[in-house]
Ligand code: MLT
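Single chain ahead, written as structure tokens, the form predicted alone.
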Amino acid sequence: MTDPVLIDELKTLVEPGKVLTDAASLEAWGKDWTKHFPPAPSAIVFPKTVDQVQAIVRWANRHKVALVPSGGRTGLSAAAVAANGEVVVSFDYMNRILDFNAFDRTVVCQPGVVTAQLQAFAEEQGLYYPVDFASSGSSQIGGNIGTNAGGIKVIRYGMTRNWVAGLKVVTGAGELLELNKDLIKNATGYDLRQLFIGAEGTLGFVVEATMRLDRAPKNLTAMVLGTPDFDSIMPVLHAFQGKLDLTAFEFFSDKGLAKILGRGDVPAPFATDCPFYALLEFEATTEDVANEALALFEHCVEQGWVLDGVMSQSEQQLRNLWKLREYLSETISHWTPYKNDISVTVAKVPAFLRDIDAIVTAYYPDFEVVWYGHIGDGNLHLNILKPEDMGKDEFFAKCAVVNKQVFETVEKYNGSISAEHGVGMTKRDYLAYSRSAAEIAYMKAVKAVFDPNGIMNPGKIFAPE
């Protein structure tokens, strides 16, 4: 869509200067963190009010113009990429916290509120917003809702959908809906709020969200434990879960640790070299809890599941240990990794990882593979790193060859091809490995109801027909 007349009409719907068409802006707002699809939007529009969002959607329906929502653009599935002349709707200027209810412990946010902004606001109230991940400093609440973001605390707190009390959305038809009205109990038929969570903007745009908060955790303490093999991680998880209420349980491989240490700004947790590492976190509310954690560590060492370990003794140590895990995605981005975000039930993780690792090793014996993930909830991140002397397109083409085998294995274990990154364009051709034909047909029918003209983020979730 490059019609200057339509662009001029779009400019009348928002404040002056809030429609951009220069090349640098199209490049910046037309993409997310994926590098598979070159951005090619026609314009970027920045609404500041709900009325302006409705006007943009109605304009798009009149002229059959496709719209792509844009938040912090930290996504890893190309759900926010405008690759086919779409108009990008950026929520950067709808970024205010509108209300706080101390009694209900809820916060009303515009979609452009950054995750860390909500976390800081909660902390100021003596409360806690627990959905957390490496991109919290730039990701936005609307995008988190669109992808049902997970992160490092899911084992204790669940996904984003667990914290959405209510939504205001503008549907693909331009109608404004208020969903659930922030109620805890509401048994009045279909919960349309849940349809919009994880829909990647294909049904409509979130224009306001009421988010729940929790009590602030006390004396968070982390342990990093080195294990002799991956199979040892699961009994360690089982042992600690049996005695402690964990807030996180992560894992990463020695190759991942080597990349982190290569930065030069993060210290090694201990001197012993180990093939795999587990990072767990809990509230050391009393000395007895800390002593229990140390006793569990000694038990795991005696069983041969753990070779070495360390427990944080201060806030700074806690932050340093978390850097070993949280800095991984940013650090390996230098190698333009081919990423897969896959999940199975926790009990199936060891066998599942062995099968996937065997496939990747057989196909790519010369490629470096970095494993990490949220092992406590069954979510594994497979990262194949691009060799320095290989072009991006050639590398991604080689990696795509193995997709069928990887996703067939996901299907065999009744897993998900996308645990927390969404489907977007990178996974849309493989949706049938996680969803039945009947499910996909119903999903498409739901989209047709909310987006009758197919203007809302087309080509995402479902492959073009």
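These figures come from a predicted structure and were not determined experimentally. All residue numbers are counted from 1 along the displayed sequence.
Heads up, the form predicted together with the named molecule isn't pictured, but that's what we're talking about next.
The candidate spot formed by Lys11, Trp59 and Lys64 lies out of contact with the named molecule in the predicted bound form, as no residue has a heavy atom within 4.5 Å of it.
In the predicted bound form, the named molecule sits within 4.5 Å of a heavy atom belonging to Glu420.
Among residues of the shown chain, Trp371 is not one whose heavy atoms approach the named molecule to within 4.5 Å in the predicted bound form. Proximity of Arg325 to the named molecule in the predicted bound form: non-hydrogen atoms within 4.5 Å are present. Proximity of His381 to the named molecule in the predicted bound form: non-hydrogen atoms within 4.5 Å are present. For the candidate set Met234, Ala122, Leu76, Ile97, a heavy atom within 4.5 Å of the named molecule in the predicted bound form is found for exactly one residue, namely Leu76.
Between the options Lys348, Lys339, Arg105, Arg161, the residue in contact with the named molecule in the predicted bound form by a heavy atom within 4.5 angstroms is Lys339. Contact with the named molecule in the predicted bound form, judged as any non-hydrogen atom within 4.5 angstroms, is confined among 402 to 410, 34 to 42, 50 to 58, 420 to 428 to 420 to 428.
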